[in-house]
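This document opens with one chain alone, in structure tokens, the form predicted alone.
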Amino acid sequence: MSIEAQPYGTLSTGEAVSLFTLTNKNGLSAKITNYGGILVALNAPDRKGKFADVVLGKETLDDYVAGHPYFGATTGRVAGRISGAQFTLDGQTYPLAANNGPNCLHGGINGYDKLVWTAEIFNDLGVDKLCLSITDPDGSNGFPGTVECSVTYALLDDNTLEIAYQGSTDKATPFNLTNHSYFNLRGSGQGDVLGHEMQIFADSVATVDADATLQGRRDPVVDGFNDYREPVLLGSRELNIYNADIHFFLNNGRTRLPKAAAIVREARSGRVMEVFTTEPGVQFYAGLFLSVDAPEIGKDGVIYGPQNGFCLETQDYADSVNFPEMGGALLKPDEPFSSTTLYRFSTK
């Protein structure tokens, strides 16, 4: 495996941004920028050996800076929604920016997806890895505590993209990291994902209201609606926020080693993506709102329409600080955070 760095552009602040290309021995490649920790591209072969970029994204750094629906981004300090855009912790109430209806989404207005991360390339037991790190100060986006955070990427020779997260804090704070890539196993810009077959190893979901606000309730999956324990062709269902923008509780909860979370198959290309994680849950999103308010122009000028990509965001219950019985998305000074997610590609 090799990693090459090149300039990606400069922000209005004068900060230089880089693009890193990870390549394995099979020709699989991933492009990652230290602006937002964004997975810009991921090229994987189909059953005939033809490579295609299977993640949605923008054409340039300026396009990402101008705004996007978290394409490929590292989202935090808290990925997902904190209900009512506030929480109380250790007797103190913390108001947050309501940037998603009444809720705080993905860490607020200036979340981790908009930061320039410090990059380091290193070798770990013969595997080249890219480590991106930040120091998120006390009070940032309204959250307490100074957080030291890193995300490490590796492209393994079994065609796995490995993402390892670490975090520590000097004060208790909500904390929930994930990668927000939109996948299309036919290729970015190749239409909708309704021909994809989705399987998620979860028998319960987090209940939400019409604003997608978490209700602090866990309910069993419903056969024929939000049950993906057996493979489901996405086009066979009417997809909505209750079955295609929802948090699934994985059957084994948080684990020491990554366990199977989901499998996605695309018959035309033959591509298969398996997801493994140590996290206790996964948010499945089928790109329901792409281009609903305005055209979402992606790579090569293609307009991404609704359901043109899907996300499988491995994470804890985002609103754990308000509903502690539902999850453990809370970072404490004496309990450093460590988590690993694997996206493994093959063909059938």
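Keep in mind the model is a prediction, meaning the values are calculated, not measured. Don't overthink the numbering: it's just position in the shown sequence, from 1.
From this point on, the text means the form predicted in complex with a small molecule, which you will not see here.
Just to be sure I understand the contacts: of Q283, N322, Q307, S29, which is the one whose heavy atoms reach within 4.5 angstroms of the small molecule in the predicted bound form?
Of the candidates Q283, N322, Q307, S29, Q283 is the one lying within 4.5 Å of the small molecule in the predicted bound form.
Using heavy atoms only and a 4.5 Å cut-off, determine which of R81, R271, H196, R77 is in contact with the small molecule in the predicted bound form.
It is R81.
Residue-level contact is defined here as any heavy atom of the residue lying within 4.5 Å of the small molecule in the predicted bound form; does L105 satisfy this criterion?
Close contact exists here: in the predicted bound form, L105 approaches the small molecule to within 4.5 Å, heavy atoms only.
With the partner left out of view, is P45 within 4.5 angstroms of the small molecule in the predicted bound form by any non-hydrogen atom?
No, P45 is distant from the partner.
Can any non-hydrogen atom of Y182 be found within 4.5 angstroms of the small molecule in the predicted bound form?
Yes, contact at 4.5 Å.
Verify the contact flag for F289: yes if a non-hydrogen atom of it lies within 4.5 Å of a non-hydrogen atom of the small molecule in the predicted bound form, no if not.
Yes.
Looking at heavy atoms inside 4.5 Å, which stretch does the small molecule contact in the predicted bound form, given the options 65-73, 49-57, 295-303, 29-37?
That would be 65-73.
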